[in-house]
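Provided below as structure tokens are two forms of one protein chain, presented individually as structure 1 and structure 2.
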Structure 1
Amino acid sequence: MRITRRGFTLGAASLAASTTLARPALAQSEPIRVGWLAALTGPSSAPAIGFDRGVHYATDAINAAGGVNGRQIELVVRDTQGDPTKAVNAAQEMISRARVHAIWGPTNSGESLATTPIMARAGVPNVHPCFVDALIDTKRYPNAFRMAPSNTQIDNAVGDYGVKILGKKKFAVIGDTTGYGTTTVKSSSAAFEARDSEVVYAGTIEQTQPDVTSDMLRMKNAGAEAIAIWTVSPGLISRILNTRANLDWDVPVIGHPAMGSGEVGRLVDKPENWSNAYILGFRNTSYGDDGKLPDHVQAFVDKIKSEIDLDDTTLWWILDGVDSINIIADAVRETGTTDPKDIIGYWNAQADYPGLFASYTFSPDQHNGLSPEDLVMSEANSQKYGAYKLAPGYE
């Protein structure tokens, strides 16, 4: 057969037309690719391991039920090891090579500070659970949405509990010597002072300092009525709690959720040293006086506790992981596309989106999903199935 110029041109045009027409059909059947930037190994891996259980549970549940509008969810998981450089490389690879439709993560602020501008440039819909305030900016990062509290919300919750519920007026605020500890001591002190109370001692302690008696004596001599502590180090936290008992100084210790970890429970000299200690918690993951979680969360926990190990992690990490996949899936389900603008538009229109961890509210000018009412304090020594008992003073 002779190939003429006219025939070749017509053939090429037909091929181009057919591929163009076929694309929407292909797009409607291809998997929904969700990037999951997870620090699954390394020293800061504990949260991501918890989130990961929720992410996989929700993905498997949706896929088993037939997917989203007939499309399966495909997770594109990259272990960032908590390293911002690796997180940046993984985010770029997800965007340009794997061509994900949305990204969940990273799960720590150091990585997120590095990846958020990259994801914003690419316009990829991004949900994350990081606390640093600067990560949410609807002008610079219109694609980024937070499904966890911000540092300001945390400072306010702890400040409210110490001043309004415990009724204390003089606080010692301490942190470790990391960047997180140093900055949080400042912001937490400001939150207490904004509530007409006095910060009589503010300082940092090295995580490896073997004995904190001298530091605690300074706090006691300064007249502190409560201690706010900001560190993730179980060693430092347990030393503070043990020294408080040794000094026979039973002031409340309030602050970081790490104070409720099982590691701290193993390191305190006596179980009673762990009492009168309250950690930041969440309304939906706190047991009431009846020992029950809110109904919809209790039902979920009852369903999954035989399938997912809840004792070595924190419940809110798992619930937030589930919510992250559901909110991405619902955006695709409701808009019918994986177009980034449509997904972001769907999220911007959510008021009280019914998640397990919280009810999320977003708008074009507000991408912090949690409301202040979602944050409460919990009893540090009351962990069961990854959740904690509501601290005294709440209704």
Structure 2
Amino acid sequence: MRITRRGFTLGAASLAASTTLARPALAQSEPIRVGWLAALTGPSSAPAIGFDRGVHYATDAINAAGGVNGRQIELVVRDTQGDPTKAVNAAQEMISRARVHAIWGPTNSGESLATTPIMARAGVPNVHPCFVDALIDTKRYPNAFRMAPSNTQIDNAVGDYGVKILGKKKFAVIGDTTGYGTTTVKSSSAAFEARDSEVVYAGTIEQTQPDVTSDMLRMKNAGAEAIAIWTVSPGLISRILNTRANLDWDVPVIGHPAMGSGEVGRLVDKPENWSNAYILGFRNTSYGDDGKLPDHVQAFVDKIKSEIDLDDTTLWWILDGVDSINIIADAVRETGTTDPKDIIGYWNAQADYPGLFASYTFSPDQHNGLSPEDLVMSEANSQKYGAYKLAPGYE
């Protein structure tokens, strides 16, 4: 059966043989409950749908192989719909009633800003893919670990590309009205200004706003030479790209990986509207002129491309979902327990943990797992099995 809404590879560590440890019979048989806070519906659902395929694929594969030290993984999934209030309620229910052993998510920073303090107070191990810098603070949130880039890393990568490689000096920076969008407009603007460039327009647009012509005209009239977009909404992204074409204004658009989602490709009026657009990308999910991914990622794609739909999402979302389940499973496998302190302690000791999306390094004082070297830029309309071609300027 072809997987579309769910979907893995087992990382090298997760393929290790299970060890039998002396534990009470109940602990040996009790499922490992993993909370999955997922915005599976609503305007911010594109990333969570991709993550969800990796989460389910990894879980199914581990369980089919006998589980973790003989224990099955049980996913506790809650659709937050991208609503911080729903995310808070779901997190509280997972902690107090479902009694999960670890939580993956939420998948957008607006929700995570609301739920991270709750999970920290409960001491629940949490891994997430959200970008906002403030979500990682080893003093306030010693239980929270980021398995994606931070806003600072992203702003530096996009800022360097716009200024140093594209050679632009005047930028429009726009986001949606979520907590993520408003926060990132500020940080992205600061990154461009730090590179001796001018932000001639900065603002936010509601994700469901049907017509963005007036916003685009203000950017154009301000003299913007490039536009930086910060939203996960394919609908809003496609309306911006279509309006850019309608205004006959072929400035480059750079920014969020969601701009490369297959959903955007279906929503643009013409294929050419998707050109001259460059997204934040990652080394492990980018291919060069030879069309090849890094060997271990290419092997994964070749293995699962007939089982998981890769064409309407981005590969990094799927791979990050796989890595999240693996790093939780490996913590339990190696420590022999679901005690939160032991899981967190295992994560704190990881150096170059062998994931598919990236190699993650954590310590008690550093919970940002990715190296800046993992970040590149990619051509938004070059998707092949969820991966993208390196943008001009990279080798």
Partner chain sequence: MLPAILASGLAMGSIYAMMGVVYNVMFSASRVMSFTTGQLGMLGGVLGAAFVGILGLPAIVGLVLTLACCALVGIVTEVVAVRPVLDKLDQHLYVLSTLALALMIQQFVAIEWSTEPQPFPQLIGFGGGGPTDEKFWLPVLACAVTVVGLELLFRHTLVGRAFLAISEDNYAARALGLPERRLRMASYALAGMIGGLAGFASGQLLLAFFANGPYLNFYGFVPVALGGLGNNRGAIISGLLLGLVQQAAHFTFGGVFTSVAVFAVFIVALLAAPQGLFGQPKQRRV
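Just so you know, these numbers come straight off a predicted model, no measurement behind them. The first residue in the sequence of structure 1 is number 1, and each one after it adds one. Note that the rigid core is defined as the largest set of C-alphas that superpose within 1.5 Å between two forms.
Of the two forms shown, structure 1 is the one predicted in complex with its partner chain. The Cα shift for residue 110 between the two structures, taken after rigid core superposition, is smaller than 2 angstroms. After superposition on the rigid core, the Cα atom of residue 287 is displaced by less than 2 Å between the two structures. Core-superposed comparison between the two structures: the CA of residue 81 stays below a 2 Å shift. With both forms fitted on their core, the C-alpha atom of residue 254 sits 3.3 Å from where it sits in the other form; this compares the forms between the two structures. For residue 243, the Cα deviation between the two structures after core superposition amounts to 8.2 Å.
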